[in-house]
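Before any questions on how it binds or moves, here is one chain, the form predicted alone, in structure tokens.
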Amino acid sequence: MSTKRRRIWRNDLVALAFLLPFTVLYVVFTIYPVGQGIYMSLFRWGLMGKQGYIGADNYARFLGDRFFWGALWNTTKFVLYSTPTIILLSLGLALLANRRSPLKRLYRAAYFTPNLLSVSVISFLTIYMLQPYGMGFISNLMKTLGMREDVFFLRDPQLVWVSIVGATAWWTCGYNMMLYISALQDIPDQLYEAAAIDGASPSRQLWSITLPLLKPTTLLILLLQLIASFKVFAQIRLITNGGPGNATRPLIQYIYESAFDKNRLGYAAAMSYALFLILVVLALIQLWMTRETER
């Protein structure tokens, strides 16, 4: 074997040595659970183990399950409410935090700090803020402003969505804001200088320069936010536990309850792959949109 070929083999072995630990962990903790989940979905499976092969019956079952469709619709409503809210709020905060100011770093830190908190902390703060009878900050403020009637934010089927989306937006918009700030800093200042010389107002510069150049970042944030919103679970379970009634129960909570409260792990696995298919379709649509934008 020639010296050059031995060097190539040695480099390949070194690369393999670096890749092997990650590959093993990825197969054990990602690929294997995915395959095991598909296997479980083909059986009647409880907490005590496999009980019998039923083929695609679990998949046919959730297609006729009104609670599945209700939970999916609740998840879709959360996506429709939260995604545009978080994107617009993140963009607005990024534009404010990117302005030339001595306090620019302070603004960025203040806007990003909620993203560092855990979901349990965010949920506790939301419940505390929205307590009725003047016990919470919001109700106390409303009484101070002269409103005598108590507003039950977490019991009203409409206001509860405002509460959940508001808490989620305050918690998560900091991360998207930093993505927007990074993209804003890549826009050359010469473009704004040339536009100002031509007499373009700040609003015209925003619509003609900033927003078009932020389109790739917006598509990326849109995909990330859609996936994150479809996977919503923890904050809704901690704040409302799917209530009032089942008005806010998302799909992942229904999957969780089916698996661990009703002892139907195979059925829960089948529903989880329905959600997985939705996320794959969204990713493919975003990939197509990105390619169209690049063209």
Partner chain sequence: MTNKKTSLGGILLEALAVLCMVLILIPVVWMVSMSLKTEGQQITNTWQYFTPPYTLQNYSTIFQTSKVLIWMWNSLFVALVVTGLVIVISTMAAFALAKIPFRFSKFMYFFFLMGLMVPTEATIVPLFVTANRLGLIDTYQGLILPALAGSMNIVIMRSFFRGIPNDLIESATIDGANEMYIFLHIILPLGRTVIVTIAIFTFIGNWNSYLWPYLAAMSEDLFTLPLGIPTFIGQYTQDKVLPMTINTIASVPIIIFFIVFEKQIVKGITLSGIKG
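In this text, the rigid core denotes the largest set of C-alpha atoms whose superposition between the two forms falls within 1.5 Å. These numbers come from a predicted model, not from an experiment. Positions refer to the first chain, counted from 1.
Missing here is the form predicted together with its partner chain; even so, the following discussion is about that form.
- Shown alone here, Lys231 lies within 4.5 Å of its partner chain in the predicted bound form, counting heavy atoms only.
- With a 4.5 Å cutoff on heavy atoms, Trp161 does not count as touching its partner chain in the predicted bound form; it lies far away.
- Contact check for Ala110: a non-hydrogen atom falls within 4.5 Å of its partner chain in the predicted bound form.
- Heavy atoms of Tyr81 never reach within 4.5 Å of its partner chain in the predicted bound form, leaving it off the interface.
- Site annotation in the predicted bound form: the residue of Thr76, Gln131, Ser208, Thr85 reaching within 4.5 Å of its partner chain with a heavy atom is Gln131.
- Residue Leu238 is the only one of Ala60, Ile54, Ala247, Leu238 with a heavy atom lying within 4.5 Å of its partner chain in the predicted bound form.
- Contacts of stretch 71 to 100 with its partner chain in the predicted bound form, defined by any heavy atom lying within 4.5 Å, are made by Leu93, Leu96, Arg99, Arg100, listed in sequence order.
- Relative to the superposed rigid core, Leu287 undergoes a CA displacement of at least 2 Å between the shown form and the other one.
- Leu13: CA moves 2 Å or more between the shown form and the other one after rigid-core fitting.
- Annotation: Cα of Leu277 displaced by less than 2 Å between the shown form and the other one, core superposition.
- Relative to what is shown, Leu287 and Ile209 are farther apart in the predicted bound form; their C-alpha atoms differ in spacing by at least 3 Å.
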